[in-house]
Every structure is written in C-alpha cells, then in structure tokens.
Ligand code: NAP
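Only one chain is shown below, in structure tokens, and it's the form predicted alone.
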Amino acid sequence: MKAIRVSQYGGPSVLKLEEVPTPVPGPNQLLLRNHAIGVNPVETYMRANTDNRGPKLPYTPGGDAAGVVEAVGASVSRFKIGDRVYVGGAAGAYAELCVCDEANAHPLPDNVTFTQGAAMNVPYATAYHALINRGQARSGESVLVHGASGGVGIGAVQIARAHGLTVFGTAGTETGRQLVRDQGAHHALDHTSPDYLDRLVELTGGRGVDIILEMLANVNLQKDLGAIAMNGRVVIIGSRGNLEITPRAIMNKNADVRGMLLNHATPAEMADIHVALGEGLRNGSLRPIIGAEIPLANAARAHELVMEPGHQGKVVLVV
C-alpha cells in the first residue's frame, strides 16, 4: 500500500509518498481502508520535532481517518467488515490503510461523508472536552470562541448552540465571520480589530462571557481577563509562546484559567464524548465543514495549509 513517510525531521517537504507493507490488525484492532484523513496542527509539530516531540524515525503521521472496515481482529465485537467508521488514535493514518484499536473506532452515520468523518476526532472531541468537560458549560450561559472559523472553532460553535449557549465567535475576514454566523454563532467579531473584546463586553451588557475558549493564549490571555464574567472560565486549547499576565485580573473576576489537552481525557470521558458526537452527527446538529480536500500524495501542501492564518474549516487528505 501507499503511505506518507517521514524519514527526517523538517519542513513539509519531508513528507514523502512511499510503498510500505499493509499493516495487520491485532486481536482488538480494525484494519481500515481510508477514504479521508484528518490533518491536525499537532502533526506539523511532530514532523518538525518541535520541543523534541517527534516520533522515532521513520514513521507515518496521522491519527484521524474515516473509511470502511477491511478486516477485524479475533476479539473485535462491535464492528464487522464493510462498516463505515471514523477513527482517532490510529497508527499511521496518512496511508491507504491503517490499524486502530476497537475502542478508538466509532460508527459513521450514513448521512455523513467520509471527509466529514475524518474531521471529527481531534477537532470535535477537543471542542467538546474543552467546552463541556473542562469549561463545564451550562445551557443559558455565554461563550466566546476564538478562531471560530477553524476546525475546532466550528465544532465548538455547533456544540455550544446544541447545548443552549449564547455564542460569540471571532474570525479575521468577513468570509470567515459569515461562516461563523452560518454555523450558529449569535455574533461574529473581527479579531483583527483592536476593540473587538470591548465590543463583546458591550454586547453582553457589560457583564462579559461565562466561558472563553482560547486558541492562542500567548497572544490573547491577558486581554481575555477583561472580557470574562464574574466566576467565568477561560479554557486554553492552544498557545505558541510565553506571556506576562496580571494575576489580580483573575482574582478580581473570581475566574478560573484552565488548560486542556485531549489526550488527558479519561477513557470514560472519551467514550461519553463520542456517544454525544455520534448523536450530533445523526441528528444534524453537528456538521463538519471541510475547507480543503487534498490528495494523499500532496500531504506537504496540507501541512502548509493547516498552519496558514485564517484558513477556514477542516483540511483533509483524500485517498
């Protein structure tokens, strides 16, 4: 089979399409014939060996995919050959076929495309874990989603609306803001405007929002503390550097600043997340938006695109 291989750390050009042996599923694993593969920013960090996070060389990147079950291990009971599934935590998903543990595979409803399925695991599970588990969102509250036109942001907007929150989302272009509104945000703000958080506070009657989902904490966190409501929660999903903050701003709001990483979710939390996501797909409240479909052989371009500021929707590889 064909797969993307990384034999040296570096820029996107190190992603090479090669012929490799087809993996064999273990007793509790599925072999999946991929139709679409999700591309996530973390895979660019691993490729570049940022903070010495790169896997042992050589390797095939990727963990998110959607396709059809090709084979099952002897102990697999929930799936059979021919089932449509989306998966997370797969071993080497940038390939024509990949293996994953049965626990990391989830039914893909017939009304959902394979490209949409490939957009589910990291973006939507991250959004759900950040908003519901770490942010402890409750119906009737309000939330600001930074970078709401990206994969995680769109997921957060849709999940928040489905849970009865008032949703504010940001994007840097009018096209992006219209996309955010189309996905259910009550208000879309221009984060390139220096006073967009002042506008947010005005829209909440001076109160601020109950929850902020922060995608770039090193740039925004200090400013977020002026836009959070009393007893509010800032959940940090992403950060690319250091910053200096004023702790008293947290004290004055009796606020919490909480970090999150999806791989810290417990197995029970992950199971609950995917039950909720599966139902959202079936009932139509969750609708992944695909920003770009790129052939597997052009994985380097996908890695460039997923890191470009202002890209909209999810970047997927198609097989």
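All of these numbers come straight from a predicted model, not from anything done at the bench. Heads up: residue numbers just count along the shown sequence, starting at 1.
Omitted from view is the form predicted together with the ligand, to which the following refers.
Of the candidate stretches 103 to 111, 79 to 87, 169 to 177, 197 to 205, only 169 to 177 contains residues with a heavy atom within 4.5 Å of the ligand in the predicted complex. Mapping the unseen interface onto this chain, Pro309 counts among the residues with a heavy atom inside 4.5 Å of the ligand in the predicted complex. Residue contact with the ligand in the predicted complex: Asn220 places a heavy atom within 4.5 Å of it. Among residues of the shown chain, Arg240 is one whose heavy atoms approach the ligand to within 4.5 Å in the predicted complex.
Of the heavy atoms in Gly278, none are within 4.5 Å of the ligand in the predicted complex. This chain appears without its partner; in the predicted complex, the one residue of Ala229, Val99, Val234, Val122 with a heavy atom within 4.5 Å of the ligand is Val122. Scanning Val143, Ile159, Ala95, Ala148 against the ligand in the predicted complex with a 4.5 Å heavy atom cut-off leaves one residue, Ala148. When contacts are defined as a non-hydrogen atom within 4.5 Å, none of Tyr9, Thr60 and Gly62 contacts the ligand in the predicted complex. Shown here without the ligand, the chain has only Tyr45 in 44 to 59 lying with a heavy atom within 4.5 Å of that partner in the predicted complex.
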